[in-house]
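Only one chain is included here, represented as structure tokens and corresponding to the form predicted on its own.
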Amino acid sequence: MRFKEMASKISQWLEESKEIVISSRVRLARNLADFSFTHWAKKEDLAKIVERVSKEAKTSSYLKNALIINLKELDDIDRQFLMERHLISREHAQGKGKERAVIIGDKEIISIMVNEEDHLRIQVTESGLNLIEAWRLATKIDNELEKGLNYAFSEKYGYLTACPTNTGTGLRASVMIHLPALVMSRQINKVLDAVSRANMAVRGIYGEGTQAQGDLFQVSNEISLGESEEEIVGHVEKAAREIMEYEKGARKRLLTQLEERVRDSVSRAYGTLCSTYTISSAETLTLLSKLRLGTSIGLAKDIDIPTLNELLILTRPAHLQEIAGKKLSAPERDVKRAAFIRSKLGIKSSE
């Protein structure tokens, strides 16, 4: 394990997030024309791709101080840690037996996955609903890299990618959004069904193939072919704003119709987090979600959003193990997690 210092704090984009939309992310999928897609490429070719992309990244004005990490040198906990920080995908973390890397920019706003499903996944994450700024920065990085990299591109289809749904612009715009009131009022399925009908994908906290936890959802465009980058970003931002309004409406109704029930739920969540001596990751996310709702609508005044954002990430399994500097069993993590939460909430241990 090598990320103890990084594990003691959260990424800038989350540190500054105080809204219903926690973050905005733009990802560009690119492949090098001289090589087969990652699933078909030979091991030596994958190594050449890592070397070539890493060399070109060092010339980018946005990646001068970037950290370049070869994932095969990491253990399972290190890779999970990078996934928990949203710097790599679950597939990138779990993929074994091939050359792959991640390039992490200053403050963790920029990350580039090398040899995930595509040769490059250029990712920019911004705080709150800020898709346009994320897209502009991703485009600038992409343009710099393209000067030295020969991308696979078709005049007819656009950028060629391993998955047909990414072909075209190769752009995936997404928002991570916190919807506790819609979940509590049982309106979430109705809203998400409407989003899906508008050609948007809804996924869990860590993207494709993951379940929603802590009332956190990722909403993104379904396809990237047939629309311009501006149109894709605009459609996702419009969908995010509409979902925000639904959530705001649900929060108002909860305060008007079920204030005591919500107040009780928030109070119980706070009480549990302050007093528990063992707690799972899933229960932590559930309780933090209730507290984040309570803080946002003025029913929890003993804690602030930045502290809750910190707990959302630093209580994850790999983070706890990086901080501890060793591998921990699930029961050991549950005890460490509870102690960490109590310390962050200012509760003195009686041990």
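When you see a residue number, it is the position in the sequence shown, counting from 1. Source: prediction; values computed, not measured.
Quick note: we don't show the form predicted together with another copy of the chain, though the next part is all about it.
Problem set entry | in the model of the complex, the residue from Glu242, Glu146, Asp264, Glu222 that sits within 4.5 Å of another copy of the chain by heavy atoms | Contact with another copy of the chain in the model of the complex is made by Asp264 alone.
Problem set entry | Partner-contacting position among Glu310, Asp45, Glu56, Glu283 - heavy atom within 4.5 Å of another copy of the chain in the model of the complex | Checking each option against another copy of the chain in the model of the complex, the one that comes within 4.5 Å is Glu283.
Exercise. At 4.5 angstroms, heavy atoms only, are Leu179, Ser185 and Leu254 all close to another copy of the chain in the model of the complex?
Worked result: Verified in the model of the complex; spot residues all out of contact, no.
For this session: Name the stretch: of 191 to 199, 74 to 82, 268 to 276, 243 to 251, exactly one has residues whose heavy atoms fall within 4.5 Å of another copy of the chain in the model of the complex.
Result: Contact criterion met by 268 to 276 only.
Problem set entry | Exercise: Glu155 in contact with another copy of the chain in the model of the complex, heavy atom 4.5 Å | Taking the distances in the model of the complex, the answer for Glu155 is no, it never comes within 4.5 Å of another copy of the chain.
For this session: Decide whether Val335 counts as a contact residue for another copy of the chain in the model of the complex under a heavy atom distance cut-off of 4.5 Å.
Result: Within the cut-off, so yes.
Exercise. So which bits of 137 to 153 sit within 4.5 Å of another copy of the chain in the model of the complex, heavy atoms only?
Worked result: If the 4.5 Å heavy-atom criterion is applied to another copy of the chain in the model of the complex, 137 to 153 yields nothing.
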